[in-house]
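The chain below stands alone and is given as structure tokens, in the form predicted alone.
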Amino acid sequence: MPPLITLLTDFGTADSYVGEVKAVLASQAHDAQLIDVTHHVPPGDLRTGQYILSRVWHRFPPGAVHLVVVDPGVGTPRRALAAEAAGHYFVAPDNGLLSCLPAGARFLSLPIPATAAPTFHARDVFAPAAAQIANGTALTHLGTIITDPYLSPLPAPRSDGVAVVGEVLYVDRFGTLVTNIPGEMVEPGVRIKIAGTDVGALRRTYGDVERGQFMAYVGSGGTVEVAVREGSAARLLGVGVGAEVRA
């Protein structure tokens, strides 16, 4: 099986940036298969980048290399990282994007070449490192082991003695509100409230309600989500990331 490199960035696809990163990968890791996770993380949105990485990286086969760049601090003293966890490899800035990796992850600080453009480390630092890993280079040959990566985990739900209290972590392009409350924490028949609005008890899928109605359900990522059938829950409720959720 050829090596696999995934790409997750906030670059969009209107400019040449993604193409330039892929050019480096194609030039230096000739046999690698490149898979775009997304390039439409909102600019500089580290929390969204971490959320998307957290739900997708483990779905790829072991040995995959994940190039993750949402980097508002590019060119500053923030470190460039390589990491290994559960047989997967990662390259990313040291800004919390890799906080979702499991305990036992191993981190290294990558050198920044003097020739790297200070505003484009994705092309000049992270892509070459990802290519070397895909080609079989050991992590320890790429940088220096560190034990203090910057970690900023996504918020976890809690119980207040009456309900499970969480929040909206992500809003997808359909206006679905994705929460941080795992399905297994929710009692059967409990009603879900977002920012004080009761959106009903858990359903199974969109066809369980009429068009334009709210529905709460356990989504494909394993957590409670709230949608509007053929509509936008975010727009109708007027809420977004950070809104309180009670179950």
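The numbering used is simple: start at 1 and walk along the sequence shown. Since we're looking at a predicted model, the values are computed, not measured.
A second form of this protein, the form predicted together with a further copy of the same chain, is not displayed here; the remarks below concern that form.
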For this session: Find the only residue in 104, 75, 87, 136 having a heavy atom within 4.5 Å of a further copy of the same chain in the model of the complex.
Result: 75
Problem set entry | One residue of 140, 119, 152, 159 in contact with a further copy of the same chain, assessed in the model of the complex (non-hydrogen atom, 4.5 angstroms) | 119
Seminar exercise, completed: In contact with a further copy of the same chain in the model of the complex (heavy atoms, 4.5 Å), from 79 to 87, 111 to 119, 96 to 104, 125 to 133, is stretch 111 to 119
Exercise. Hey, in the model of the complex, is residue 197 touching a further copy of the same chain, heavy atoms inside 4.5 Å?
Worked result: no
Exercise. So in the model of the complex, does any heavy atom of residue 169 sit within 4.5 Å of a further copy of the same chain?
Worked result: no
Exercise. Does any heavy atom of residue 41 come within 4.5 Å of a heavy atom of a further copy of the same chain in the model of the complex?
Worked result: yes
Exercise. Hey, in the model of the complex, does residue 52 get a heavy atom within 4.5 angstroms of a further copy of the same chain?
Worked result: yes
Exercise. In sequence order, which positions of 3 to 31 have a non-hydrogen atom within 4.5 Å of a further copy of the same chain in the model of the complex?
Worked result: 4, 10, 11, 12, 13, 14, 15, 16, 17, 19, 20, 22, 23, 24, 26, 27, 30
